[in-house]
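This document opens with one chain alone, in structure tokens, the form predicted on its own.
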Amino acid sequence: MTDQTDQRELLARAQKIFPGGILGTFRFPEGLEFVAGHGRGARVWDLAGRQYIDHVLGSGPLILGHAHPAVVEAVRRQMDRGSSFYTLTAPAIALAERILSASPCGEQLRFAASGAEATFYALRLARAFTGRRKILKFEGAYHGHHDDVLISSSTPSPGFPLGVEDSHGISPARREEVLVAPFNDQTVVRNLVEAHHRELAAIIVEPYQRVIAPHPRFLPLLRELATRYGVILVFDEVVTGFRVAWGGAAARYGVTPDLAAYGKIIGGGLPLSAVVGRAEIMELCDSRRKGQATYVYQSGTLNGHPVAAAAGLATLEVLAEPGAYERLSATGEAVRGHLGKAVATRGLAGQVLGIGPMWHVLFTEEPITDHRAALRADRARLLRFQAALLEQGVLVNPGVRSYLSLVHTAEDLEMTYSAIDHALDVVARAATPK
């Protein structure tokens, strides 16, 4: 199927069989919907044959772009040997060793199949290890779709430390075990931890929260408080792991958690995640402890899937090559630099955000230091800007940050810059009084 009629037919079929006509929450503006056909490098083609420069990259896993030869070969080689065994395989062992060697807290590891599972197991381990029930998370932080953390991820807290369920179907009782604090607010966090430390099992944090950078003292404060009160510090590195540095955000910021959740990049585009941490905590998962009071159940049919492990290992081997992270950082700085100049040239109020190979803009004069500042930005302008990018053939996720890969070429970037300039012109015209 390669023509527009076929694509329209598939979109109509999707409307009938999927709630909302989509697979999850990733929705294009009306009139810009398409069905992906294939990808190569940093480009994607829809079934009508239209080409896009991809800044979604599968929501982040494809740091080597689409169909990277090393990943394709690793997957093909493993598929020839078998796809699933429900036991140890050489790719799973080798990938685990690679991750542990990079992770600052890496002593032992367990695989899962999604980032949400990794954060879920990390919190289960923290509760088992400490014998406490409550967790502290930060307003606006997204740690996956499980009930422990889908609280005040998008909906503002009515007053700290109270949270609000972001989905119907979550028991209101969850709020009693989840404390919510503003990201970067050292005073509130210190007061909450000091007041609740006897019942606090874990502090879970995205070290770089969505598009918000941590204050230089914020992550060290979390480490200090966790150590002082015997609380488990969990870094959600599903996005930042192997993206912002070889050792993730923990290495970049020089703060070591007790547990870390990884996902996205470590599966090379296939479903895989991991929870990593101190051996004395991770050993609670040892099935030989079954029947003991502190045993933690952690298992899954596809955990450590050898094909996904092979894809992830191939990806990490490329990222380990000299200069890989320098190139990723330089590409991100180039895009953010162009975007910042283009926003300023048009007299628009805007904050350009991002770290490493990530970029975003929020249309506001206010510095973005927490979730509420981000919510006060002009979302209508952002969506108008991103819709114009899509119209120009730059694939972005509406309302969300964008990603770069090792394989975005100079031509890809020039086309992105041209699209950014056009999209900002659209925003500027709409902002000009008539």
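When you see a residue number, it is the position in the sequence shown, counting from 1. Note that this is a predicted model, so its numbers are computed, not measured.
As for the form predicted together with a small molecule, it is not shown, yet the points below apply to it.
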In the predicted complex, residue 251 touching the small molecule (heavy atom, 4.5 Å): no
The small molecule contact in the predicted complex: residue 114, any heavy atom under 4.5 Å: yes
Partner contact for residue 206 in the predicted complex: the small molecule, 4.5 angstroms, heavy atom: yes
4.5 Å heavy atom contact, residue 142 to the small molecule in the predicted complex: yes
Option from 150 to 158, 283 to 291, 114 to 122, 85 to 93 whose residues, in the predicted complex, bring a heavy atom within 4.5 Å of the small molecule: 114 to 122
Heavy atom within 4.5 Å of the small molecule in the predicted complex - the one residue of 174, 210, 223, 196 that qualifies: 210
Of 239, 335, 232, 180, the one that lies within 4.5 Å of the small molecule in the predicted complex (heavy atoms): 239
